[in-house]
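A single chain, nothing else alongside it, follows as structure tokens in the form predicted on its own.
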């Protein structure tokens, strides 16, 4: 694979990969902005609008018809947070040009369509089209309401809010219902214009052939943006401060299954070491939490771990009966304590290492995995290739895993308790 990085303007970079094995062309136009919780609601609404229409294709139906004409091209958008950086992506994919029946330049047409969606939205009289805006409002409100209906997700969110209180990561990504209901089409359009002025553009393109036309097309479109003042700091890694005492929260709710979420914090641990610790403790069917807390002790319905590398957080969440909540908590701590004592076999460590290595080997199988890997390198300011990261994973020792387990500090415990 051939990788090329080009600067197209202030705060605009294009990273292109020519992968001869690819069967499609994919483009990710990513906008990076400082995380300001008060703007989450409006940016979430804008993100939805970007992939559902534009001036040329003003409805989802019209846009879908155009996608069908491009041999079933796909277009989507996403909105998320990495550390204290907002990431707004417009992502498109289309079959490689060589498969076009009449020699169409599908990748160029997809790029033009995405630029239309990003830069020429469905706007009338200084406001987003009211009908499209209200459709997205309903989608956003439904997502906000769904957060309370998804009890496991709600419990994790409440634990995150408690553990990271006062930090951008603690705020709900869709905004609050009040914020979403208060948004207007004109205010959202002003926020959209500010977003384009202030964002750093990080653009990824993967295709089976080189695209000498791409840089010029992107530059021509993005250079027309007026008053560009990129406001961005590489705050992708913003560890949450470790508090001195554990915060305990119990919330009674009318549920049939209690949810226990334990949030640990750590400091100064390499990502590869935390990846392996996660796989060993609660990241696979052979993990300690699954094998012992769930299968052997029968204390819970599920029990898994999931780290947040950008915040130095290590979550363990489980579904339990209220009667077993305390015992499950103790058993989780016992399993982490076992790692601290080195009470795990070399075979268990190798079983944990294998899926991490397999994942790294799989990078390149899809265009998306390549783009994600490129962005991970950028986020972590680490140019290591997947092959080099595999060597790092293989080099992690038992002693380093033990030290990492000892570095975990229980910070927050949230229990959604079933009411009697």
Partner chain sequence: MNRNTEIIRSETADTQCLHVQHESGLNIYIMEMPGYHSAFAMFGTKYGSINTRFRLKGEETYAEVPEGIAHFLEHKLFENEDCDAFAQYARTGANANAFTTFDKTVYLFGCSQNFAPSLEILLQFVQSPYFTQETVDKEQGIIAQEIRMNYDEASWMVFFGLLRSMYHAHPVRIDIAGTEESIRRIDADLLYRCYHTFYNLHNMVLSVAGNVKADEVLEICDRLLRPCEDQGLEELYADEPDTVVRHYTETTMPVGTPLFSLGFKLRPRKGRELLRAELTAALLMETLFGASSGFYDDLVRKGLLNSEFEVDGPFSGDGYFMLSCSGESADPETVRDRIFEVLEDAGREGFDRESFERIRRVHYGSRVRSGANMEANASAMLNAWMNGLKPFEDIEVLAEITYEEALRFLREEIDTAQYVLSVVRPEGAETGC
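Numbering follows the first chain given and starts at 1. Remember, it's a predicted structure, so these values are computed and weren't measured experimentally.
Although it is not shown, the form predicted in complex with the partner chain is what the next lines describe.
J.: Quick check: do 145, 151 and 255 each get a heavy atom within 4.5 Å of the partner chain in the model of the complex?
T.: Yes, all three are in contact.
J.: Counting any non-hydrogen atom inside 4.5 Å, which residue from 251, 334, 104, 120 sits next to the partner chain in the model of the complex?
T.: Selected option: 104.
J.: Can you pick out, from 325, 222, 73, 162, the residue that has a heavy atom within 4.5 Å of the partner chain in the model of the complex?
T.: Contact with the partner chain in the model of the complex is made by 73 alone.
J.: At the 4.5 Å heavy atom threshold, is residue 355 in contact with the partner chain in the model of the complex?
T.: Taking the distances in the model of the complex, the answer for residue 355 is yes, it comes within 4.5 Å of the partner chain.
J.: Answer yes if any heavy atom of residue 172 is within 4.5 Å of a heavy atom of the partner chain in the model of the complex; otherwise answer no.
T.: The answer is no: residue 172 has no heavy atom within 4.5 Å of the partner chain.
J.: Give a yes/no on whether residue 95 approaches the partner chain to within 4.5 Å in the model of the complex, heavy atoms considered.
T.: Because a heavy atom of residue 95 falls inside 4.5 Å of the partner chain in the model of the complex, the answer is yes.
J.: Just to confirm, residue 135 within 4.5 Å of the partner chain in the model of the complex by heavy atoms?
T.: Contact check for residue 135: yes, within 4.5 Å of the partner chain in the model of the complex.
J.: Sort through 241-249, 194-202, 343-351, 78-86 and report the only stretch with a non-hydrogen atom within 4.5 Å of the partner chain in the model of the complex.
T.: One stretch meets the cut-off, namely 343-351.
J.: For a quick check, can you give me the residues of 208-235 that have a heavy atom within 4.5 Å of the partner chain in the model of the complex?
T.: If the 4.5 Å heavy-atom criterion is applied to the partner chain in the model of the complex, 208-235 yields nothing.
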